[in-house]
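Here we start with a single chain on its own, the form predicted alone, put down as structure tokens.
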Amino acid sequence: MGAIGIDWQVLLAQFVNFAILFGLLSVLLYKPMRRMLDERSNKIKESMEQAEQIKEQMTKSEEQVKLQLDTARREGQDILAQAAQMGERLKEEAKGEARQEAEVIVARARTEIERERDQAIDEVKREFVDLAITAAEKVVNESLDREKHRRLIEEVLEQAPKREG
């Protein structure tokens, strides 16, 4: 090997230097670097697992929120339906009260009309009696006992409707 320019002693020294350098680099640089890369890889895995857990939790939370929204929507619709029913019931009650008030007013009006009619009939009877007495006085040309004739005519008038009925 000497002919090609290789010296065994130098070659052996370089191998020894290379082995020492490789050993030192392996111990001082490669193992700590490997440990640091493994730790980083573990941290990345943990972060990915946490991200997956968070994603799953978010999915569950979204489902719960959707369920709560659906429940709230249904409850709101139920409340609206109850309010509509209550409004309808109050409307019916108000109509019933209005009908009752109208019936009371009509009954009062009828009573008042009957009373006024009776008064008008009594007034007409009185005027008729007075006219009859006045006419009789003029016919007879003398003054009759006004009270006696009045009673007599009133009795006749009271008996007259009974005969017709």
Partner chain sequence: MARFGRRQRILIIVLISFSLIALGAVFFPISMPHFQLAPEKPWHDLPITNTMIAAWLTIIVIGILSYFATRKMKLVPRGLQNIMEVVLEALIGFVESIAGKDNGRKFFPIVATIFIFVIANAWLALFPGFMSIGIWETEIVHGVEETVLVPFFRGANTDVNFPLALALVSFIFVEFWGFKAHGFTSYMGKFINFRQYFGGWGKLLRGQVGSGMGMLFTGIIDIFVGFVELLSELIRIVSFTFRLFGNMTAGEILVFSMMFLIPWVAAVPFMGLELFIGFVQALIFCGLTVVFLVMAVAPHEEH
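Predicted model only: the values in this text are computed from it and were never measured. Residue numbers count along the first chain shown, from 1. Rigid core: the largest C-alpha set superposing within 1.5 Å between the two forms.
One more form of this protein exists, namely the form predicted in complex with its partner chain; it is left out here, but the text below deals with it.
Student: Any chance all of L29, R40 and K43 sit within 4.5 Å of its partner chain in the predicted complex, going by non-hydrogen atoms?
Tutor: Checking in the predicted complex: L29, R40 and K43 are all within 4.5 Å of its partner chain.
Student: So in the predicted complex, does V156 come within 4.5 Å of its partner chain, heavy atom to heavy atom?
Tutor: V156 lies outside the contact set for its partner chain.
Student: Is it the case that R34, even though its partner is missing from this view, gets within 4.5 Å of its partner chain in the predicted complex, heavy atoms only?
Tutor: R34 belongs to the contact set for its partner chain.
Student: Check whether L25 has any heavy atom within 4.5 Å of a heavy atom of its partner chain in the predicted complex, and answer yes or no.
Tutor: Within the cut-off, so yes.
Student: Examine L37 after superposing the rigid core and state whether its CA is displaced by 2 Å or more between this form and the one not shown.
Tutor: It does, since the L37 C-alpha is displaced 2 Å or more between this form and the one not shown after the core fit.
Student: After the core is matched up, is the C-alpha of E46 off by 2 Å or more between this form and the one not shown?
Tutor: E46 C-alpha, core-superposed: shift of 2 Å or more.
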